[in-house]
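Take a look at this single chain in structure tokens; it is the form predicted alone.
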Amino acid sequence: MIKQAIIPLAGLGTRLLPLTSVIQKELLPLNGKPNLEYILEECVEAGIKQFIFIIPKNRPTIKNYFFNDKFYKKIIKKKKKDKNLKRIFKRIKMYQKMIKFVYQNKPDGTGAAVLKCKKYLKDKYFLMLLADDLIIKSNCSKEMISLHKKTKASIIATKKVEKRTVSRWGILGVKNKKKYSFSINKVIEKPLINEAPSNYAIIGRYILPKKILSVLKNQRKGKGGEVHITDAIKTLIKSGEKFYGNIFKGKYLDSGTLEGYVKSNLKISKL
């Protein structure tokens, strides 16, 4: 069973400036609730028991958001009849028990971020989620865990994109396709249109094997001088590790750009 989820939160959020000059992108509200809490709710519903947050030491915003008991207790004392405030604090307290922090002080890639979680990872497989990618109306993590149970393999969330946009995405090679899943035989990061093996793009949800840590430890830095998780996945696929694509049933929202953030707010407000 998948019980742990890694969530990298050390990005600078430059695509969301000027908003992210004062608030971390994962805490930007979507219909009154931070982006990050939608991710956590998805995970809890899917059976996750522990979150490993990867944050920079010089940006304690997320830690302050979840560990600010003194503030809540002071406000609750003044507003004893406010039941909603008590519900909010109860929810925050639940998350406190589930969160571990590791630190990534420079943006050296998702692969490097995952490697920093080594001492906390207990089981053979773990879930990793990118907080920019929201999936509503159906629980993607739950679907992935179900597919993992059937295949005993690693899983990547995926959706079809327009062929003309494949160069913006990590693209998967498709084999033995079924209605909601397929076997992955290759991964190509941002390919040219004529080099793309399909138009199934990687969305920010992964079930990965703990053995990927050994690959990451010896992996050379890739594009932009960063250690990329997709490069490690390629290595594992070449070595015979099984990966499956989960064609999720929910609605994908990209909240990592200003345009996407506005659209995400409108979509979520209508749920």
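So that there is no doubt, residue numbering starts at 1 and follows the sequence shown. Keep in mind that what you see is a predicted model, and the values were worked out from it rather than measured.
The same protein also exists as the form predicted in complex with ligand G1P; that form is not shown, yet it is the one meant from here on.
Stretch-level contact analysis of 118-126, 76-84, 143-151, 166-174 against ligand G1P in the predicted complex, using heavy atoms and a 4.5 Å limit, identifies 166-174. Interface residue remark: L130 is counted as part of the site for ligand G1P in the predicted complex, having a heavy atom within 4.5 Å.
Within 4.5 Å of any heavy atom of ligand G1P in the predicted complex lies no heavy atom of Q50.
Heavy atoms of K137 never reach within 4.5 Å of ligand G1P in the predicted complex, leaving it off the interface. Within 4.5 Å of some heavy atom of ligand G1P in the predicted complex lies at least one heavy atom of Y206. Among the residues I212, I39, I55, I202, the one placing a heavy atom within 4.5 Å of ligand G1P in the predicted complex is I202.
For the residues K190, K90, K100, K160, the 4.5 Å heavy atom test against ligand G1P in the predicted complex is passed only by K190. Along 1-21, one residue reaches a heavy atom to within 4.5 Å of ligand G1P in the predicted complex: R15.
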